[in-house]
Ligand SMILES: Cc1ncc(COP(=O)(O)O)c(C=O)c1O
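First, one chain by itself in structure tokens, the form predicted alone.
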């Protein structure tokens, strides 16, 4: 009865675990939730006030499929500011922007617009768990490159060269990364760009949703800032869910060359059309803020990262990778698991016995690891991590 396209898709494990935690809390059980990739900060006052003003002005009608013109202009401006070489030679325009229901829809749209049945899509593991499912839904084939903590969980140029075949259509990069927090520096991206220059039919999707959350300032750069010559086959995805703490407002976008943008607008026009008008009003206000307005959040994430690392490193049985961005800790639990075990069972035990919710790395392509989110208050974070250390050391 259900189409094979949908029947074969996996449920998002992060959303599933978060729903379970909420159910346990509703039952009165104490749970320390370290799962959700969701900032606990409120949106900016400017964004909230913009929504109230939009409501008062009855701005409740349909918007253009690709977004309100002013919002598209601001997104193009932000992207040009992060891609200096592009902004000088061929700056992005509002017409290159498609505003979407979160960054997730922007990625989904791009994969569906580019990938045909049998095409190959390359990305590194550990990966954001929706990449392979989106590729599968589009009829494509995922080609996964195994990365290592020793190399910062970054794809190495020689790995990319080996992974590309005559069927390769798309490379997906995510920096800063979910789930590892790894960041590609400019030289890293240039090295990958040199490989891509030899394969002119391969597109790039650069997922930059965590762009403002970096812990060594100045290391992160946009993919096209390092490789402006690949402008005509690169999709840049971003949004306000993470940096703007606006997850539920569902504001994302893609910015693409004019050869692709009309297809994305057409696809979205037959699925969701334009996103919520009130969310777009909030996004306009948020994008008018200065970069310094987001600095307090970045510093708080840095403090939380350091707090969690300090506690977790008390256990010799696990290895916590130090992230350079985003708000996740990726923890290698291989020493706690037998060869035939993976982190699914471990995460279940931790939840039931230690009352701490973490996400198994199985669906991220790292079956011996778990992901911890530090996008939560310090007291919850400290207690949760201390419980994890006690539990792991007792095994």
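It should be emphasised that the depicted structure is a prediction, and the values quoted were computed from it without experimental measurement. Positions refer to the first chain, counted from 1.
Keep in mind the form predicted together with the named molecule is missing from the figure; the text below concerns it.
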Legend entry - Heavy atom contact within 4.5 Å of the named molecule in the predicted complex, the stretch among 206 to 214, 182 to 190, 285 to 293, 158 to 166: 206 to 214
Inset, instruction - Sort through 281, 113, 245, 107 and report the residue having a heavy atom within 4.5 Å of the named molecule in the predicted complex. - result: 107
Legend entry - Proximity to the named molecule in the predicted complex, single hit among 128, 301, 153, 123 (heavy atom within 4.5 Å): 128
Inset, instruction - Indicate whether the candidate residues 63, 67 and 268 are all in contact with the named molecule in the predicted complex, with contact defined as any heavy atom within 4.5 Å. - result: no
Inset, instruction - Answer with yes or no whether residue 241 is in contact with the named molecule in the predicted complex, where contact means some heavy atom within 4.5 Å. - result: yes
Inset, instruction - Mark residue 132 yes when one of its heavy atoms lies within 4.5 Å of a heavy atom of the named molecule in the predicted complex, and no otherwise. - result: no
Legend entry - Partner contact for residue 103 in the predicted complex: the named molecule, 4.5 angstroms, heavy atom: yes
Legend entry - 4.5 angstroms heavy atom contact with the named molecule in the predicted complex for residue 250: yes
Legend entry - Stretch 147 to 186: residues contacting the named molecule in the predicted complex, 4.5 Å heavy atom cut-off: 174, 178
